[in-house]
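Presented below, as structure tokens, is a lone chain in the form predicted on its own.
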Amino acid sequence: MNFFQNRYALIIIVLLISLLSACQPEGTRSKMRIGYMNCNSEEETLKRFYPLTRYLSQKLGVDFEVVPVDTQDFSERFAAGEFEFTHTNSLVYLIMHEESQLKLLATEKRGRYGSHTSGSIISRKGSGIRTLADLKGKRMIFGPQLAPSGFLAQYDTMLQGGIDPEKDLDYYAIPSGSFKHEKVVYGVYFGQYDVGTAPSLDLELMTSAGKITADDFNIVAESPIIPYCTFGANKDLDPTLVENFRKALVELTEKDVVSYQGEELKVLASAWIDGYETLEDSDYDQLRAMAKRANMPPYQEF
């Protein structure tokens, strides 16, 4: 056989191995775990991402397990080897990229900014708080500290605008429990705080769901856009598997379905996602700059 015949035969063998692996019955294939960051609650995380995980299992011939992980525990549990793939917000991705050389795979697309989002600072309409200068001496509620568009982006926007949250606010708080971003919005709406932070996407979604109206709030400031939620992979995984995982994500369409618990479910709709996009690590440099200015992980200096 000549070179081209050998190459053609090799391609056929690789394709057959891939097909046979994908056709293996569940329970007999290799097992791997995907750590999914809990956003609003563990229950919501499981409901959203079980169908997507099942789709990836069928597509790649690997039995993937869903592992819900609290945000503050993510880096430590990943370093301990509890899961091989990750789904986190973009700041947690940066932390693990810095600490464990996490490999960037794909970024979610959702809402008007697609694979990006921004952070907004809001006040109640009629409060008289309309500019960053108006924040001095006010009571403020932030989202979770590791939320890039619920804390970091707004904290940095204030610093850039000449307002130091540690010195210029009367008081600020961070809510506990589930559904923290909605708690922030409602805390401002019901007057418990003068001003608050919220991902612009959450304001968009809450408005479309009828939970709030655009006339309820002033947008005091909006940050530059930064990457949205991100899939990553352990740096030591098989590069072919990692690439196939990435391709499976970015090639997903709104028509793709999966059988789950006796139903045919649309994969993207079940996960509340518009799709996935391949970004470069340099696309996260805006977020890196914010974290450095705000003295936030993974660049904090004590």
Partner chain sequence: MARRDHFDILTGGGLLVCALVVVFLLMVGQEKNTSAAALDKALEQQIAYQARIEFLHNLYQPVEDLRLAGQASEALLKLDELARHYPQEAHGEILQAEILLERGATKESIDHYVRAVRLNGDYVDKASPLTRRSGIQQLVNLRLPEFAARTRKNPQSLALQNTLTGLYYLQSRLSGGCE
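Numbering follows the first chain given and starts at 1. All figures in this text were calculated on a predicted structure; none of them were measured in a lab.
The same protein also has a form predicted together with its partner chain, omitted here; what follows describes it.
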Candidate from Glu182, Glu222, Asp134, Asp168 lying within 4.5 Å of its partner chain in the model of the complex - any heavy atom:
Glu222
Let me know the one among Ser100, Thr207, Gln145, Gln160 whose heavy atoms come within 4.5 Å of its partner chain in the model of the complex, would you?
Thr207
For the three residues Arg33, Phe64 and Ile141, verify that every one has a non-hydrogen atom within 4.5 Å of its partner chain in the model of the complex; reply yes or no.
no
Interface stretch in the model of the complex with its partner chain - options 33 to 41, 55 to 63, 229 to 237, 249 to 257, non-hydrogen atom within 4.5 Å:
249 to 257
Non-hydrogen atom contact Ser115 with its partner chain in the model of the complex at 4.5 angstroms
yes
Consider Lys125 of the chain shown here, and say whether it contacts its partner chain in the model of the complex, taking contact as heavy atoms within 4.5 Å.
yes
Does Glu277 make contact with its partner chain in the model of the complex, using a 4.5 Å heavy atom cut-off?
yes
Heavy atoms within 4.5 Å of its partner chain in the model of the complex: does Ala173 have any?
no
